[in-house]
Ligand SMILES: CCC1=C(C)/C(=C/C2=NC(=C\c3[nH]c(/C=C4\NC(=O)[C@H](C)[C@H]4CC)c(C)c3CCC(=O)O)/C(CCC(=O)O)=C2C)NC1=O
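Only one chain comes next, encoded as structure tokens, the form predicted alone.
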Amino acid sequence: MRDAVTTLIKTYDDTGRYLDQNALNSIKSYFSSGLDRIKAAAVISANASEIVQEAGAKLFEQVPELIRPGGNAYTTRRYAACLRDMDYYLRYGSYALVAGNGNVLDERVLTGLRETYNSLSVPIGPTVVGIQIMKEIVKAKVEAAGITSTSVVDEPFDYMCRELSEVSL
């Protein structure tokens, strides 16, 4: 897993370039948002179970066919698996938030996920909706904790949604 700085340096090293003003500005931004990212991750960690439960309830309210007979969250086992997966997205989203880089999401969550979900007939659309709901819940909790720059929360959740949404099922 790499953070924003090591990823940037690797990119410049691979091309044999010195760090330019864009690179230095990117590093400056990473460090200036660092405290907000760490505080946001602490809020997520302290409220993870509540965030997942609330997001699950809202998801099933918005997409009730998931919990009806034949739906992908019908039966206790499937319902629990759905919440477990939401917890994975939240946890790895918090890692990416601290790192300031989506690399961990690619390595640990997104690579192979589409194929796995396709083989199990799990729809990607509701997964994306669930991730978006979690993002909004996290942002509200982060804001309530007094963190003024909630935009740092957007990056990992938007990245997961964008990467999952790019596949046409």
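All of these numbers come straight from a predicted model, not from anything done at the bench. We number the residues from 1 along the sequence you see.
Beyond what is shown, the protein has a form predicted together with this ligand; the following relates to that form.
Asks: Quick one: find which of 125-133, 45-53, 138-146, 27-35 has residues within 4.5 Å of this ligand in the predicted bound form by heavy atom distance.
Replies: Flagged stretch: 125-133.
Asks: I'd like to know whether residue 86 contacts this ligand in the predicted bound form, with contact meaning heavy atoms within 4.5 angstroms.
Replies: Residue-level check for residue 86: yes, a contact with this ligand.
Asks: Is residue 81 one of the residues lying within 4.5 Å of this ligand in the predicted bound form, judged by heavy atom distances?
Replies: Within the cut-off, so yes.
Asks: Against this ligand in the predicted bound form, would residue 57 count as a contact residue? Criterion: heavy atoms within 4.5 Å.
Replies: Although this ligand is absent here, residue 57 would stay clear of it in the predicted bound form, with no heavy atoms inside 4.5 Å.
Asks: Are any of the heavy atoms in residue 92 no more than 4.5 Å from a heavy atom of this ligand in the predicted bound form?
Replies: Yes, residue 92 sits close enough to this ligand in the predicted bound form that at least one of its heavy atoms falls within 4.5 Å.
Asks: Hey, which residues along 133-157 are within 4.5 angstroms of this ligand in the predicted bound form, non-hydrogen atoms only?
Replies: Contacting residues: none.
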